[in-house]
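For this one, two forms of the same chain are given in structure tokens, first as structure 1 and then as structure 2.
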Structure 1
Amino acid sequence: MKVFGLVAVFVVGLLLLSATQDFPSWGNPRSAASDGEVSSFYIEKTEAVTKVPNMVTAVLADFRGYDTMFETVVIFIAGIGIIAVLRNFEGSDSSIDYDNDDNGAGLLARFTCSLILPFIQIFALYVVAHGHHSPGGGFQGGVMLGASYILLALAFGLSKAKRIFSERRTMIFAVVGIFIYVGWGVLCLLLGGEFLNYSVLDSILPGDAMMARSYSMLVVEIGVAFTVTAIMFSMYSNLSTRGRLSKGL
């Protein structure tokens, strides 16, 4: 069986490597991804109509806003699914002894974690806030923030991390993130526009309709970051403890 698996991996690897010969050259403006009618519009018009230099974020949070909203919902549902399958409700947060539950890693790991955690979280916030102007956004920043709490749990013990990010608070953050995204779209409806058509928000945001689209991308990216951060930590908490939320890795 091991030999068969090794052969299968080798054959599939060769097929994948051979397919790379069909890839267009790096930066080729005539490649299929760049030469299509839709792609050309994004490349040529994105910054002019949204005031956002990061084309990827503009596509995700503006032109393809519906899809990204439901991607965020899917992440939320995945977290709820893990809780539904694994969560052991025989105990509750109040029954956990936060002083003696688990001790985490050694002194060196704790000291290193104390030094780098603030920088990880600050950079994560930077990635969220500047995602529409540089590489980053709500998904990337949310993953970094979630990873920072996981690192805290690994170094100091899950009980320490749950003092800051309890199960109840985690779920509130996840739901608030969805409500921020959906609520911003509803606000567009209330002001007479289409759902997630940010241009209509120029009446309440500084600048013109194009700047309203830019500001709105930041708002929805914050909502995405809330949900991704919360669900990442919730998944780790349940998977690492088999749903008991005590005595983590």
Structure 2
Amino acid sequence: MKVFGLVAVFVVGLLLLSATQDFPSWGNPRSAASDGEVSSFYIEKTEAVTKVPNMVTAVLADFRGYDTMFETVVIFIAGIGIIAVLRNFEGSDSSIDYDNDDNGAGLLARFTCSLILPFIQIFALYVVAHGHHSPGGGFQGGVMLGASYILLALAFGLSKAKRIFSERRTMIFAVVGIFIYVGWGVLCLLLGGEFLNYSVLDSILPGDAMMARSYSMLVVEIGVAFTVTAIMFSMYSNLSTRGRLSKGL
């Protein structure tokens, strides 16, 4: 069986290597991907029609808004799936004994974490808020914000982190994130445009239709960040405690 697997990997690898011969060379402006009508529209017109300098975020949150919306739903479903498989209500009581359940790290680790945690969270919020002007966005900022709560749980014990970010609050955050994204799309519908066509929102937002698209990208990034933060922390707390949500790492 092992030999068969090795041969299969070797053959498929050779096929893939031979397929790279047909790829356009790196950075070739005449390649099919960068010569098409769609790519040149994004490259030339993004800043003019959306007032957003970061093309990647503009494509993710505006031109391909549906894609990102269901990507967020996929993350939500992954979190729900982990809870459905792992969550064990028998080992944990609803009223957690906070004093008895503390197994954080040593003094130095706690002190260092309490020093750097605020900076991690500020930077995460900056990445979310500035995602349409610099690299970053809802996914990256949300992951960093979730990681800051994971660090809190590692340094001070899961019970302390759960006092701030309880299971109920986690799930509310995850649902609110998707609600913000979908609700923003429905708001476009109510104002007479298509679903997620942000330019009709200029009647309720300051500025013209282009600024409305820029602001809307910020709103949907915030929605994504809510869901990703909550699901990352929920994944960690369920996986590290086998679903008991007490006495973790």
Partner chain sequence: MIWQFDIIILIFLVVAAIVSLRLKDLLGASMVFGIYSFLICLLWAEMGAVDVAFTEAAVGAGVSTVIMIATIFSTTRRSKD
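We call the rigid core whatever largest set of C-alpha positions still superposes within 1.5 Å between the two forms. Every residue number counts along structure 1's sequence, beginning with 1. These figures come from a predicted structure and were not determined experimentally.
In this pair, the copy labelled structure 1 belongs to the form predicted alone. For the rigid-body turn between structure 1 and structure 2, the listed residue at the hinge is Phe41, chosen from Met210, Phe165, Val176, Phe41. Here the chain acts as two rigid units, and between structure 1 and structure 2 the smaller unit rotates by 19°. On core superposition, Leu17 has its C-alpha offset by 8.9 angstrom between structure 1 and structure 2. Relative to the superposed core, Ala32 has its Cα moved 4.4 Å between structure 1 and structure 2.
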